[in-house]
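Consider the single chain below, provided in structure tokens and representing the form predicted alone.
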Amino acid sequence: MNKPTQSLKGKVAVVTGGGGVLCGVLAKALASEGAMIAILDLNLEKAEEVAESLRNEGANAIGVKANVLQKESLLAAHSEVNEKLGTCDILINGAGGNHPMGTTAKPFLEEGDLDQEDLKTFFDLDPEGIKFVFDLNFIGSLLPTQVFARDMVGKPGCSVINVSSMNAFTPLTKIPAYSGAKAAISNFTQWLAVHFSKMGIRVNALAPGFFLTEQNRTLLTNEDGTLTARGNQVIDHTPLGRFGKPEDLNTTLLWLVGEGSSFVTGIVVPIDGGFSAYSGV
């Protein structure tokens, strides 16, 4: 870890979904600026693994088990964070994801598809799968905000950062549940920014494009590292011509939680290599 500039020294940052690759990197960026870090994850082992890596680089970090869909679990996590680090100044709502039950097999419905029993079309989408994806992304951001943003009331320099997606600008084929959930996150970010404005709590969102993670690696790349057909589609529609690296999120995050963006609230920043700006022609 580079020597901290200490611009966030004394601040407590809570990162949900912090056991994952992207949020783990975001947590490291905050720690590099002197913040104390609480890594919240449903998987305590992963949360503690990330926290330990931060501690090994000189940060004050803890791993905490938390289910972002259960308020009781979040309240218990809140108590632990307050006891060990202090009250929350920065909340990163990073928990989220997709589910196969909210995904169609093909991008387009075509003649004869309904005659194929083993082909999942729009008409076969499982309502429980749709609900799971929506809850994980939207409710999984709303509940942690209800719990941890209480700490921010009356304190200067506090921020909530949600994680939207370029999906929220232009929905991708095959994943209606995820696209809809991330569109809800973008809308929620704007609503919450206005709602919290008189308290001085700023609310913004990151909208990552295509970053290779364990969730999508097999969808975008083959075992030998070459691109799948969908992977090629992504790169062909990304003007910068590559997938994002987790570190590509860091400077935008640090700007949004720092003093340099003190007059910025309610925005959703695409970090997608130009994907959301490109029409394809």
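Quick caveat, the model's predicted, so the values are computed rather than measured. From 1 onward, residues are counted along the sequence shown.
Just so you know, the form predicted in complex with ligand NAD exists too; it's not on screen, but the next bit is about it.
J.: If you check in the model of the complex, is Leu54 within 4.5 Å of ligand NAD, heavy atoms only?
T.: Flag for Leu54 set to no.
J.: May I ask you to check whether Val12 falls inside a 4.5 Å heavy atom distance of ligand NAD in the model of the complex?
T.: Outside the cut-off, so no.
J.: Indicate whether ligand NAD has at least one heavy atom within 4.5 Å of a heavy atom of Leu22 in the model of the complex.
T.: Answer yes; at least one heavy atom of Leu22 falls within 4.5 Å of ligand NAD in the model of the complex.
J.: Heavy atoms within 4.5 Å of ligand NAD in the model of the complex: does Tyr178 have any?
T.: Yes, Tyr178 lies within 4.5 Å of ligand NAD in the model of the complex.
J.: Has each of Val81, Thr145 and Ser159 got a heavy atom lying within 4.5 angstroms of ligand NAD in the model of the complex?
T.: Spot residues vs ligand NAD: no contact at all.
J.: Would you kindly say which of Pro127, Gly97, Gly200, Gly86 lies with a heavy atom within 4.5 Å of ligand NAD in the model of the complex?
T.: None of the others qualify; the residue that does is Gly97.
J.: Report the residue, out of Lys28, His237, Arg230, Lys46, that has at least one non-hydrogen atom within 4.5 angstroms of ligand NAD in the model of the complex.
T.: Filtering the options by heavy-atom distance leaves Lys46.
J.: Just one of 55-63, 252-260, 35-43, 221-229 has residues with a heavy atom within 4.5 Å of ligand NAD in the model of the complex, so point it out.
T.: Contact criterion met by 35-43 only.
J.: Need the contact residues for 241-256: heavy atom within 4.5 Å of ligand NAD in the model of the complex, sequence order, or none if there are none.
T.: Residues within 4.5 Å: none in this stretch.
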